[in-house]
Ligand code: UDP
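First, one chain by itself: the form predicted alone, in structure tokens.
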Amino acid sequence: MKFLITGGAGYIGSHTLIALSEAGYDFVVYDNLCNSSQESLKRVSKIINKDIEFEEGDTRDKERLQEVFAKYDINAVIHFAGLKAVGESVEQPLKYYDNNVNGTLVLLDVMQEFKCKKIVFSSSATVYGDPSSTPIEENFPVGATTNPYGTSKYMIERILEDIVISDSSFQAIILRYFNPVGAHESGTIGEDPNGIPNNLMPFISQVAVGKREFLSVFGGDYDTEDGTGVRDYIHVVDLADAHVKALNYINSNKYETKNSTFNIGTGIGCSVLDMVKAFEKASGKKVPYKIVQRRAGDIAKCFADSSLAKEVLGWSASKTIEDMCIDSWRWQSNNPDGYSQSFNFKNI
């Protein structure tokens, strides 16, 4: 029995592989490597001390997926695969709907063909749009999204809900991530974006390591304490653990459709400038920044109420903002050029 991890070579996927291995789960990774590197899997293999079964392919490629499902006894899927840059989605919406929504439809079609009826889906807090209040609870309205990335995640949630209605034996867990940051404590795997980073922490890290001159802070006139956007930053290792808890739940006799969607965050709102100060303290490096125009699709505040995940899954975040910054800096300082450089494992 194996679990298929789509997008398993990516940032969140690679960290989750470690958590799955530590929990004794067996898996195969499926990834098209469009926004990830097979080097991450090599490094995860070193950390967990075993080989990783990897199949290269796109979720939109039905024949390739059929080959993989025929080759392995796939019991459940963790579906990470998808494009994730808010700004890029505003500029290229069709690309996001094709990759994220169409890719999921093909995956679900193949799952049905092979009678695989368990999935944990990587969703996002962007499905809430611009919430009327914070912290955000799972029963808040969804669908009034502010960008195509968020809309693609909302569409997939609705698709999964409809499948569950049509087939009572199909089990789906939706994890709505807030803002993943940080890296594995070894400093060997972390976030390695292509080109200019779209997310805050890798941008800060690249400025601190000298790859970029300054941080662009998108908007300094939001209705927040310091005028910059407030988000719920969660350590990627805590996020990885949430997937293990979700698998434990979906494989138990406690699973209930009414309790299948969970916020995954810390419940603490932190502004962009708060993160800059925390990173400067953790790294000992100055992070110069400039306030620039707001970015299309962004909102002022977004942080979670994750009490349902604690109650049902037995999950809660344990790592602090300081932990996130220290681990991000260790990754970036050890790997200033990301996965494009070799790493000396003798140093860990």
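Residue numbers run from 1 along the displayed sequence. Definition used throughout: the rigid core is the maximal C-alpha set that superposes within 1.5 Å between two forms. Small disclaimer: the values here were computed from a predicted structure and weren't measured.
Just so you know, the form predicted in complex with uridine-5'-diphosphate exists too; it's not on screen, but the next bit is about it.
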Quiz item: At the 4.5 Å heavy atom threshold, is H235 in contact with uridine-5'-diphosphate in the predicted bound form?
Solution: no
Exercise. Report yes if any heavy atom of D305 sits within 4.5 Å of a heavy atom of uridine-5'-diphosphate in the predicted bound form; otherwise report no.
Key: no
Exercise. May I ask you to check whether E39 falls inside a 4.5 Å heavy atom distance of uridine-5'-diphosphate in the predicted bound form?
Key: no
Quiz item: Hey, in the predicted bound form, is D298 touching uridine-5'-diphosphate, heavy atoms inside 4.5 Å?
Solution: yes
Quiz prompt | Heavy atom contact within 4.5 Å of uridine-5'-diphosphate in the predicted bound form, the stretch among 110-118, 198-206, 160-168, 67-75 | solution = 198-206
Practice problem: Please pick, from A278, V217, V244, I250, the one residue with any non-hydrogen atom lying within 4.5 angstroms of uridine-5'-diphosphate in the predicted bound form. | Solution: V217
Exercise. Consider the chain as shown here, without its partner, and state which of S186, T145, T134, N179 has a heavy atom within 4.5 Å of uridine-5'-diphosphate in the predicted bound form.
Key: N179
Practice problem: May I ask you to list the residues of 225-242 that have any heavy atom within 4.5 angstroms of uridine-5'-diphosphate in the predicted bound form, in sequence order? | Solution: G229, R231, Y233
Quiz prompt | After fitting the core, P135 CA displacement of 2 Å or more between the shown form and the other one | solution = no
Quiz prompt | G269: Cα shift of 2 Å or greater between the shown form and the other one (core-aligned) | solution = no
Quiz item: Is G187 one of the residues whose C-alpha moves 2 Å or more between the shown form and the other one after the core fit?
Solution: no
